[in-house]
Ligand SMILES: Nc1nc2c(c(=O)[nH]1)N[C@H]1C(S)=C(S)[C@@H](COP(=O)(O)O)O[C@H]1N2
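Given next, in structure tokens, is a single chain: the form predicted on its own.
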Amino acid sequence: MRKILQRPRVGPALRELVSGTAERRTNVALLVLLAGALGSGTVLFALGTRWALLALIVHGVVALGIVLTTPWKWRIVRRGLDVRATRSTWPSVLLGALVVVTVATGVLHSSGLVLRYGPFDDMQVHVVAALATVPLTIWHVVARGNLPQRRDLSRRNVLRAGLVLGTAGALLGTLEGAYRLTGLPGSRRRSTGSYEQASHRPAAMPSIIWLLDPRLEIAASDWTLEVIDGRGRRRWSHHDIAGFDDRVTATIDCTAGWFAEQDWHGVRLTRLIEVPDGARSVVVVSQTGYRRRFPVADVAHLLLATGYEGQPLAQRHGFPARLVAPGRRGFWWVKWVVSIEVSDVAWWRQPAFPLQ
């Protein structure tokens, strides 16, 4: 009778099977969360409107979901280092370190406690670390073979995922409440996650360029604007453009994590170009070769600015003329504009983010 009541012994093979199942479940969950973080971060990076708030919430929830799964992943990593530490293990360790840096810089940015690391913005470190995880994540998936499968959508796994995401959502709400309760800078973030800097003080406004795009200094006398539209090809001098005084108050929201509202003056694009029937986009080109393609519907809202707050643009802010694109992130605000062309190519037929 005593033998019958004894708990059956779990053999090494069964223990390994159970452990392997838990390891796979954790790895798949982390893979999905990482993909969600990268996807929502990319969307957030692109949006400059209130819709960015939804992407910001999703981004925060999946990031905290990664934090909540860390204890289970740490057990796997520690066991792997103890049992089979090899050269192939260290890329996984590096991946883990990059994820930690990405999440930590994201949390610090959201609180507003740390916004710079020496010459680098917190958001720049956050984005670079996140992008560095992509090739390592692909390697990890290929090496470990932990691709999601249909069986992962079992009722139990879905409930587990819901519990993790629900807890992450509650934690996000708690953090946001704490920011407001304590008066931390994070309580004053824009819907994009950016912080106000130098609104209506253009002299103090940061000057950011995209990737390897060079900084230029152009004399007004050497500058001309070429316009190609339904009426043909025309050129405007700086004196011609400066004669207009259209005004708009608009917020430039930079992907480096700051925003600034300024009163801009210049000329609306509707005064410069004629959009014929069948046109689908308008291409705005910088002296550097940098360009963005806008939908025709945007033309009514675009301003070619020659100044801000009652003074001419600074060279570092795009003098002699830069584009003001309300509702779009800063990389759409083309500096040192030299060409505007109406096109029959759809606006979305371009990289989501400039490659230059």
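Here the structure is a predicted model, which means the values were calculated and not measured. Don't overthink the numbering: it's just position in the shown sequence, from 1.
Just so it is clear, the following notes concern the form predicted together with the named molecule, a form of the same protein that is not shown.
**Q** Just to confirm the contact call: exactly one of 249-257, 150-158, 233-241, 271-279 touches the named molecule in the predicted complex at a 4.5 Å heavy atom cutoff, so which is it?
**A** Selected stretch: 249-257.
**Q** Identify, from the list Ser207, Ser199, Thr224, Ser187, the residue with a heavy atom within 4.5 Å of the named molecule in the predicted complex.
**A** Contact with the named molecule in the predicted complex is made by Ser207 alone.
**Q** Report yes if all three of Ser286, His317 and Val334 come within 4.5 Å of the named molecule in the predicted complex by some heavy atom, otherwise no.
**A** Yes, each of Ser286, His317 and Val334 comes within 4.5 Å of the named molecule in the predicted complex.
**Q** According to a 4.5 angstroms non-hydrogen atom cut-off, is Asp213 in contact with the named molecule in the predicted complex?
**A** Yes.
**Q** Taking heavy atoms and a 4.5 Å cut-off, does Tyr290 contact the named molecule in the predicted complex?
**A** Heavy-atom contact with the named molecule at 4.5 Å: present for Tyr290.
**Q** At the 4.5 Å heavy atom threshold, is Pro326 in contact with the named molecule in the predicted complex?
**A** No, Pro326 sits far enough from the named molecule in the predicted complex that none of its heavy atoms falls within 4.5 Å.
**Q** Does Gly330 reach the named molecule in the predicted complex if we count a contact as any heavy atom within 4.5 Å?
**A** Contact check for Gly330: yes, within 4.5 Å of the named molecule in the predicted complex.
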